[in-house]
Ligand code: DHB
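Listed next as C-alpha cells is one chain, alone, in the form predicted alone.
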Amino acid sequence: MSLDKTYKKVPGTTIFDAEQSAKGYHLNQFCMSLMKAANRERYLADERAYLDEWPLTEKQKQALLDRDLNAAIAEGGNIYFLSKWGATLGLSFQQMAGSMTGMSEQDYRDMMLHGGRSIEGNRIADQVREGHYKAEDTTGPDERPTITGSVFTSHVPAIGAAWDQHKTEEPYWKAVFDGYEYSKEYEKENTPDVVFLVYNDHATAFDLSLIPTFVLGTGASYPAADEGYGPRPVPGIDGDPDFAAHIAHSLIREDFDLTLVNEMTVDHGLTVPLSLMFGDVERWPCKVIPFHVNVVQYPIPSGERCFALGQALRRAIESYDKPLNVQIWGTGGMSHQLQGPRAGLINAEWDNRWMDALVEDPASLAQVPHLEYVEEAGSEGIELVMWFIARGAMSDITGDGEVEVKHRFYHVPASNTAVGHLILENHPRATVSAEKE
C-alpha cells in the first residue's frame, strides 16, 4: 500500500519532506554557509563562482541566479534555509513571499493588511474540480522490494583490525574467520541490492553533545571513521537516499521518532560486518542504509521497542515502489563487558539460549528486561537489542511466511567478546506455497 502523501495535493504548496530534503541537501547547505559574514562577502562579490564551489545542479544554480524562489523550492530548497540567501541579498520575508505569488511587494503587503490570502479556491477540493488531483499509486506487488533475509553478527573492532592486518590465518583468529566462510559464499550467491544495517556508533560520529536514540542515514555516501588509529582501509559506503527517505516517512508516520542524518562517518560497528560478509573488495557490492541505535548511554530502547520497529520497517520497505532485493542486518553483542571489575565477562550458555529463542520465539525474547542483559551478558551485551530490528522484519512474525536458518556460528573469544552469528532466509507465504506445490 502506498504511503499517505496527500499533502502533495494542497494547491500552491510544497511540503518539505524527506524526499525534498534529499533533493535539496546541498542547496540548503549552501544557504546555511551564508550565515558567516566572510561567505556572504564572497558570494556577493561573484555569485556564480561561489555557487560553482557547491555540488548543486544547474537547475538549482539557475534558480538562485534568476532569483526564482519557486524554482528553488521545486529543486528541494526550504524557505527557512532560503531566507538566509534572501537576507544576504537584502530581501525581507514579505519581499520573498510576494515574489512567489506573482504579486508586487506593495500588492502583497496590501493583501496581508486586508486579512491575507483567502482559503477559498485554495483547498484540495478546488484542485479536484479543476482536474489537477494526482492519480493514486498503482504499483503492483511484483514491482516492490522483497526482504530476502536477515543477518545477525557481532561487530568486534579487533576483528576488523585482524582482517586489515592480514592475521586471519593466525591460530587465535582463524577459528573466528572460519565461521564466516559460509557467509561470504552465501552473500556471493544472494547479493542484495540494499542492506539495511542496524548498528551502534561507538562515540565516533556522535559524542555527548548529541545522543539520538534512532538515527537513519539518508545521505548518498558515508566514509569510514577514524576511531583513533586512522580509518579502516575499506571502501566508503554508498547510500540510497530515495529509499531511505521513503523509510523515514513510513517509520515516522508510525510514530518512531528518528533522527535523519545526511552526513556522518561510520565506525567498526558498520564496517566490520561488511568485511565479514563480503570479504576484501574494492567497492561494497550493494548499497547500505545505516541505522544507528543508542546503546551507549541509558535510557536505551527496549527489545520490545526494537522488535516493533522491525515490524514497521518491513511495512516501510514493502511499500516502496522499486523491485529491490533487501537484507536487514542486526549487529552487536554477544556477551561482553568492557569496563569495571567484571571486565571480560562471557556467558556462553546464556548467549546460545538467547540465539535459540531469537529463532524460535522472538516475541517472548523481546520482553527480556535490560537488567537481565546487563547481569547475564555484561554491560555491553545490551547491544543485542539491535538484533530485534532485523528479526522483527521477517515474514514469520506476522504468520505470513517462514524463516530458514541457513547458518549459525558461535565462538569465544574475539578480543573481549563472544562472537555470535546467524543467517535467516526469509520465505514469504507466496514463496512457501509455490515451493510446496
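All values derive from a computational prediction rather than experimental measurement. So that there is no doubt, residue numbering starts at 1 and follows the sequence shown.
One more form of this protein, predicted together with the ligand, exists but is not displayed; see below.
Pick from V234, V156, V266, V288: which has a non-hydrogen atom within 4.5 Å of the ligand in the predicted bound form?
-> For this set of options, the contacting one is V156.
Heavy atom within 4.5 Å of the ligand in the predicted bound form - the one residue of L338, A203, M111, L89 that qualifies = Of the listed residues, the single hit is L338.
So in the predicted bound form, does T14 come within 4.5 Å of the ligand, heavy atom to heavy atom?
-> Looking in the predicted bound form, residue contacts with the ligand do not include T14, since no heavy atom lies within 4.5 Å.
Wondering, does S415 line up within 4.5 Å of the ligand in the predicted bound form on heavy atoms?
-> S415 belongs to the contact set for the ligand.
Work out which of the listed stretches, 254-262, 156-164, 207-215, 270-278, brings a heavy atom within 4.5 angstroms of the ligand in the predicted bound form.
-> Within 4.5 Å of the partner lies stretch 156-164.
Can you name the residues of 210-224 that have a non-hydrogen atom within 4.5 angstroms of the ligand in the predicted bound form?
-> Stretch hits: zero.
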